[in-house]
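What follows are structure tokens for two forms of the same protein chain, given separately as structure 1 and structure 2.
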Structure 1
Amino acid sequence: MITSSAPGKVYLFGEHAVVYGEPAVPCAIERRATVHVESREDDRIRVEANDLSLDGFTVTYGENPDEANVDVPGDLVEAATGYVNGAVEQARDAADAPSAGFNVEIESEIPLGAGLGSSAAVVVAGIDAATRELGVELSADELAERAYRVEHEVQEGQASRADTFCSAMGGAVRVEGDDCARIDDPPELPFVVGYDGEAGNTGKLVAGVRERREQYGFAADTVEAIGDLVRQGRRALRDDDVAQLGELMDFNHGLLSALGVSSRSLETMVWAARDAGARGAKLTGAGGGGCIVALDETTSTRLALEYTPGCEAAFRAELDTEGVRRE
């Protein structure tokens, strides 16, 4: 059995706009998805995922995951098997082993659908573990590329490279279209995450932004404004200007809210963090529920979020400088 893990992420800036080629800065955090992979004698795939839902699930399937019979919500099985199946297909392709079967066990510290990159972490770790189980070693760059192909297919062409590149590489990264690179020596980023216990529908939220952008010129301008903000944020990162980073996070949240991807619970957590003295606070990921991220080196924001109605969990999220790794 081979085991790999990969980190989740928060967006310092740029979610949604990155889909249209604008820049984004995601940052890996020390919360990981761990994937155990073992070859089996037939060509079937058995997935055991005890942390991806409240009750967990185990499912075995062949070429068509739709034939799986399991007593959990169908959309959860569809999402999990879609990403795992894509990771398996990439591993089979890399190892030239089209009939390889696997037992896959997933453990995750990253809430599913919360905007912290759970699917990217599972795919990156899954490809790494499965290819190594087949005797093939891939570079982090190739893992990122193959994981992006999986997310691009599962999300029907609406994925960016940001999540998968960040998960494969670790640290703070910049992504602009196909141009991806790590950011050298970022400043201390005292992330605090608040989680409302909900899961946003990424595909629906991305499609909603696309509709607004096509219908309204000012929505298209808002997407471009996020790109301009990210470019300013990259300069602030270079200058170690954490105060300006926080101010730009606040601006970024306002622009995302204008695009219709915030929610009542996210707004409540953002304002609780700001009222507690956070340098900046914004939603992270697709939105519609899930997580916010704030900058606060003190304990005030985390404590305030813990007492905020609708916040199910609050935790400090240190920058993870290591990407995918073998366990």
Structure 2
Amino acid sequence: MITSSAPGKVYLFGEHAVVYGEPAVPCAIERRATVHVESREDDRIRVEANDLSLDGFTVTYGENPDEANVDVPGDLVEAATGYVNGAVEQARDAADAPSAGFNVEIESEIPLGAGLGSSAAVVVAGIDAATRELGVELSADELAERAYRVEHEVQEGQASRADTFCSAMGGAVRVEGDDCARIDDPPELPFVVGYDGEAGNTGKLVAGVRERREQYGFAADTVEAIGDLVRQGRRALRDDDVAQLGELMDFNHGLLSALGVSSRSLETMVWAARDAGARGAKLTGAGGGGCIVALDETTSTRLALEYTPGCEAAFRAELDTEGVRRE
């Protein structure tokens, strides 16, 4: 049996604006999806997914996803199955073994559907483990590329390269259009994540920003301001200026809020974090619900979030400089 893991991610800066070619900085976090893969005698796939979340729900399903024993929405299960099937197909293709069968077991510390890149981590780790089980080693770059193809297909063309690249390579990443690169020597980033247990509708949120941007010049300018803020953020990363990174996170959050992608619970968590002394806090990902990320090297923000109504889970998740990893 072969085991690989890959990290989830948060957006330090730039979600939504990245859709319009502005730069963004996703960062891998020390929360991983782990995938165990074992070849089968036949050509079938058996998937067992345990503990796909930090808190509150579990998915277990066998050969027939319809019989899954779950307390999560069906579309998440369907998506998860789609990601695993896609990863297996990529592995079969890479190893030129079109009829290879596998038993796949998934464990994840990354809340599902929370904008932390859980699917990208499962796909990256899954392709890595399955190809290695077939005796083939792919570079992190190729894993990122193949994982992106899977996400692109499952998410019907809406996927960004950021999640899969970030999960495969680890560290802080500079994304601009289809161009992804690791940022050298980022400072330690003491991320704290707060999760409201909800999931915004990414497609609708992205469409809402597009509509505002087309309707109003000042909304288009707001998207561009995010891009400029991200460029400043990259300088602050290079200068190890964690205080400025926090300030820029706060500013970025306000611009996202102006674009209509915040929510009451996200705002509540962001302000709980700031009041607790976080250097900065913002929503991360598509918004509308899901997660916030704060910077705090102390335990105050996590504790404050744990006592914040509407925050279902709060955890530390430092920058993970390692991407996909053999376990």
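Quick caveat: nothing in here was measured; it's all calculated off a predicted structure. Definition used throughout: the rigid core is the maximal C-alpha set that superposes within 1.5 Å between two forms. Quick note, the numbers are simply positions in structure 1, starting from 1.
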statement: Answer check: the form predicted alone matches structure 1
message: With a threshold of 2 Å on the C-alpha, tell me if G200 counts as moved between structure 1 and structure 2 once the core is superposed.
response: yes
message: Tell me whether I183 is among the residues that move between structure 1 and structure 2 (Cα shift of 2 angstroms or more, core superposed).
response: no
message: Once you overlay the rigid core, does the Cα of A95 travel 2 Å or further between structure 1 and structure 2?
response: no
Between structure 1 and structure 2, C-alpha offset at D221 (rigid core aligned, Å): 4.1
Core-fitted comparison between structure 1 and structure 2 - CA shift at Y20, Å: 3.3
